[in-house]
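Below you'll find only one chain, the form predicted on its own, shown as structure tokens.
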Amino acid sequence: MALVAVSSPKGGVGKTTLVANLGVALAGLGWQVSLVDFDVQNALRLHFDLPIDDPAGYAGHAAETDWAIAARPVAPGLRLVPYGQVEQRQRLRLDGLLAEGGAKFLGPRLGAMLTGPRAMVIADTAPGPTPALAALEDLADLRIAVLLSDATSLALLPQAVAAGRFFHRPSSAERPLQLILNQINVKRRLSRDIAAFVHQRAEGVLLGTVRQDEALAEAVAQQDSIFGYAPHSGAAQDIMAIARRVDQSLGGRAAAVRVPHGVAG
């Protein structure tokens, strides 16, 4: 079993789209994946053809001890736990419970999703420091930060590599922060140069890179994964490569591998 926390120091880096597709890829590699949306925007569900007016989620029942009751099966081996549509008082209550209880509060609520050797929770967090991220950093087996191949992300790189953190919690030697460089535009020199620099300076913590690909945006518009919409695309190959690294890092290969259709091994 494994808990993966995905964060970003700023918004607009394509993190939620990456989480959705990484979940599909890891389910294809034999994991039983639960995607948990910790962002009040409640946008992760939009990748899986859930009704846009469906208010269901765990945030309105934050005190419940098992958030798996809000889970929706969305693909073989994959389920989604939406944040839900809640009033401000409910959101503030959840943030307060997370801030006060931290890992002790959150751990039992994710526990039912982490039963079995191939169970995985991938937590999609809101940008920047949040009570949810602070609690997750104490629990996660793998912490991933998503950056763009741009000047702002380049400025943040030394902080991440040197201190193993973007926010207020240092990483442990057993659970270092891993980086994914997203939306590399191979047609632009600056983007290519930044990607090359990150490869050189952050080789030990760079989990992978994803090239900029219109097929990703088109897949979102169709509420489909990149593997269902454009399985031979560059982005599909990149995300599958990252999924294989996560798989090897957290548990090795599954006995029965279900690679998404059209993606080469």
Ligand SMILES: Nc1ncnc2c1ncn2[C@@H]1O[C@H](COP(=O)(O)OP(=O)(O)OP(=O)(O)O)[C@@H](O)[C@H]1O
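Model, not experiment: these values are computed from the prediction. Position 1 is the first residue in the sequence shown; the rest follow in order.
Beyond the structure shown, there is the form predicted together with the ligand, which is absent from this document and is the topic of what follows.
Stretch 213-221 is the contacting one of 66-74, 195-203, 213-221, 26-34, since its residues have non-hydrogen atoms within 4.5 Å of the ligand in the predicted bound form. Contact between Gln41 and the ligand in the predicted bound form is found at the 4.5 Å heavy atom cutoff. Put simply, Gly251 is far from the ligand in the predicted bound form: not one heavy atom of it is within 4.5 Å. Using a 4.5 angstroms limit between non-hydrogen atoms, Asn182 touches the ligand in the predicted bound form.
Contact annotation: Gly102 falls outside 4.5 Å of the ligand in the predicted bound form, judged by heavy atom distances.
Looking at 58-73, no residue comes within 4.5 Å of the ligand in the predicted bound form, counting any heavy atom.
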